[in-house]
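The chain that follows stands alone, in the form predicted on its own, written as structure tokens.
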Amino acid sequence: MNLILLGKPGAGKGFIADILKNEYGFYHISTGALLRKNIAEGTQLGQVANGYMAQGELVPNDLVFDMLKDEIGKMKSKNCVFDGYPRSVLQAKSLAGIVNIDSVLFVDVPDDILIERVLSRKTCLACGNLSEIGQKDTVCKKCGGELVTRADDNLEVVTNRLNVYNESTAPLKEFYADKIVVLDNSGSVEQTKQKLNQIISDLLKKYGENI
């Protein structure tokens, strides 16, 4: 089964994706991680994408789509979760042309909590892992790499990213209206895990052997 994680910047899509990957065996495709990898390696795509991401703007669809098609070709499982793509109806239509989407998990968090979370998080330079909320360590717990604040994790850029989301990405909720399942991620980690487990259980019952 193929799932899409949908939600505003900082809603916790990466956290949810990790659970789906590690506990349920989903193949995780994160366009954000793929873009950051290209930026870190200084590829041509990374250099162009960096200009957009640094301003909190969406990277043009054609730049992301070719990279995404290559990653889909590496899927080792029939279960896949898309994290960070699509971010517009245009991208959703493009994705529909190469893969079937069974359900869309909308990770819901109020704006004030989102801003607080994004401004407090850090990213590992080595593996791209995000720090836990409120964590003051400078070393990644996952790989031991250095934790830093991303250039695009500041109030001005975060606010702009939310505006871009409302204008370009929110319409996806209407596009995927018949596939949307809402996950409230405004509470504790354990509360979110319990809710996610129930959602996955319901999807298992709905899709049966197809998952």
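Residues carry their position along the shown sequence, with the first being 1. Only a predicted model underlies this, so the values are computations on that prediction, with no experimental measurement involved.
What follows is about the form predicted together with adenosine monophosphate (AMP), which we do not show.
*Asks:* Counting only non-hydrogen atoms and a 4.5 Å threshold, tell me whether M1, F82 and I101 all contact adenosine monophosphate (AMP) in the predicted bound form.
*Replies:* Checking in the predicted bound form: none of M1, F82 and I101 is within 4.5 Å of adenosine monophosphate (AMP).
*Asks:* Whether L35 contacts adenosine monophosphate (AMP) in the predicted bound form should be assessed with a 4.5 Å heavy atom distance threshold; does it?
*Replies:* The answer is yes: L35 has a heavy atom within 4.5 Å of adenosine monophosphate (AMP).
*Asks:* Residue-level contact is defined here as any heavy atom of the residue lying within 4.5 Å of adenosine monophosphate (AMP) in the predicted bound form; does R117 satisfy this criterion?
*Replies:* No, no contact at 4.5 Å.
*Asks:* Are any of the heavy atoms in S94 no more than 4.5 Å from a heavy atom of adenosine monophosphate (AMP) in the predicted bound form?
*Replies:* Judged by the heavy-atom cut-off of 4.5 Å, S94 is well away from adenosine monophosphate (AMP) in the predicted bound form.
*Asks:* Even though the partner isn't displayed, in the predicted bound form is V64 close enough to adenosine monophosphate (AMP), meaning a heavy atom within 4.5 Å?
*Replies:* Although adenosine monophosphate (AMP) is absent here, V64 would touch it in the predicted bound form, with heavy atoms inside 4.5 Å.
*Asks:* So which of 27-35, 40-48, 171-179, 139-147 is the stretch with heavy atoms within 4.5 Å of adenosine monophosphate (AMP) in the predicted bound form?
*Replies:* Selected range: 27-35.
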